[in-house]
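Encoded as structure tokens, the following chain is the form predicted on its own, with no partner shown.
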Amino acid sequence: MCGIFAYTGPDATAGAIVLEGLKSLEYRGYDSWGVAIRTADGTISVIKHTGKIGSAKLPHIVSHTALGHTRWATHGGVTQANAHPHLSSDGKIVLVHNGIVENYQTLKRELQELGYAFRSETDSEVIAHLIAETRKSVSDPVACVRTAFERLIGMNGVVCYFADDDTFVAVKNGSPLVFARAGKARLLASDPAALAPHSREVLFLEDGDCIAISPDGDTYYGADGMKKQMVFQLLDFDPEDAQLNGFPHFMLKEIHEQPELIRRITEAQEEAVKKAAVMIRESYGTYLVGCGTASYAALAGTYLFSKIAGRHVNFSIASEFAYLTQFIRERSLVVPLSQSGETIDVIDGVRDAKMRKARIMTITNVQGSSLFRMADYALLLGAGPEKAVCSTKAFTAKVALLLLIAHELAGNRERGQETLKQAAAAVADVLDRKDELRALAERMHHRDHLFVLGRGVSYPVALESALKIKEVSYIHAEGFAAGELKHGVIALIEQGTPVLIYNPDDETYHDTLSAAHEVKARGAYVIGVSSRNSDVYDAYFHIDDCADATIIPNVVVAQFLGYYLAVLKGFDPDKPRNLAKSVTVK
């Protein structure tokens, strides 16, 4: 959550550079934004606004140093005063922050007693004043920031600029921070994707690490306070991949990228899949964990491993996993799934598992991310930047990898590759017929409620489909196991209620068809997604049978429905209200 971008270097348009960096990070939070610019006379000019950045431009200020932030509100409402950056009382220290200071009220009372006046309701402003107070006794900027940072409780990332010293100091614990050099320029960001247009080589700060950027050079310190060697990593994606390239929204672009992504995973991940299968085979208990969309991919994985490989694999929502780690042993294998690799609830569970000596096999999309670095082995999705807050291609990539691993465990790798090739073709066919889904969305966009049903491996797909629809269109959508209808859910069905039913031609077909008849008898508008049509469906969308991989084109149907429902209702599908990409706070 929250986007941070800082620049210092020879270019005299530092403010504009930072603003462009913030635009690329806006998916991390778009409640408000702000930029602090060091002017020619050494003072700090701060420009802050509520709402999305959009096509905003800054007044022309000649400057070689600037710092910016795009906010997802946690403490304090969406106001200009609560927007970052925050200044110290004397205007000589400017700060941006990502995270939550759990003890901010105690620190705030302490600072108020010392005479500090607060302009905002945020926990972040507390850090700015705390650093200013600390500097009265600790003159060195690095030691000052570290001393103040050690008093914070919680997961936080801070970038602080000292105007008198012309020095940036960045420190983190939990919240991501990334550093890059571009010739004589120096940059900091909360996501490597924002740095890619400037440099493909980046340094990921570890927890407790600190970096200082001054006219005297760059100095990197470890958690022990000692100087540390910088180890840069090469980013594995092209900045051009993060552009719209003619699409009206990133969500639509990313939906269209899925056929090629699935084909690429099928062809290029063979060695990674083999390694993953060995680790699962050698483990004593495997645990798939994730949040939101990633959790539904993990849940789908439990069905795939059972059905394809006859292997029991455990599943937990990551935010609940910490309450289940008593089962973890030295031979346990924990498999966290996360698009960003920075999801704090996943990281917390993985930390606990590592303390219990479990092995970690991460599945993520971001090389060098926290989960990537914590892993004994990391599988990269290779999906390229996913800019829409609503995850699409990362979900299908995770499912594709899990399916391949299951087939590898079962000793029939070629069968898995073949079904994925069929799935890629089926997704391409859905893209060709997306106008059918837009027409279906036009029929439903005025409805307040929608339900999605599935059995077996289609159950987690029903959950993911409901999430896709509700997070971008704000229609109340719920996914259910079709067999649970008679246990309470059917009470929600009214005349005309849309019910999307996944009914692949597998062992669940006839039971799922019975559920369709049951909701139809109560007045539901039944939408069948299947390779076989039926009279019970009021609307039918054909999906070619791809065996166990059929769930991939099935979920693409819901991705399109969510997208078109949002557009028809006048909402921005890339930036849904109250949401942000990469959930780095609890």
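Just so it is clear, the model here is predicted, and its values are computed rather than measured. In case it trips you up, residue 1 is the first one in the sequence shown, and so on.
Keep in mind that the form predicted together with fructose -6-phosphate (F6R) is not shown, yet the notes after this line are about it.
- Query: fructose -6-phosphate (F6R) isn't shown here, but in the predicted complex, which of 405-413, 336-344, 148-156, 173-181 has heavy atoms within 4.5 Å of it?
  - Reply: Partner-contacting stretch among the options: 336-344.
- Task: Answer for S391 alone: is it within 4.5 Å of fructose -6-phosphate (F6R) in the predicted complex, judged on heavy atom distances?
- Result: Answer yes; at least one heavy atom of S391 falls within 4.5 Å of fructose -6-phosphate (F6R) in the predicted complex.
- D191 within 4.5 Å of fructose -6-phosphate (F6R) in the predicted complex, heavy atoms: Answer no; every heavy atom of D191 is more than 4.5 Å from fructose -6-phosphate (F6R) in the predicted complex.
- Item | 4.5 Å heavy atom contact, G292 to fructose -6-phosphate (F6R) in the predicted complex | Contact with fructose -6-phosphate (F6R), yes.
- Query: Within a 4.5 Å heavy atom cut-off, is K468 in contact with fructose -6-phosphate (F6R) in the predicted complex?
  - Reply: Result yes; K468 sits at the interface with fructose -6-phosphate (F6R) in the predicted complex.
- Name the residue from K398, H97, H86, R71 that puts a heavy atom within 4.5 Å of fructose -6-phosphate (F6R) in the predicted complex. Only one listed residue qualifies here, and that residue is K398.
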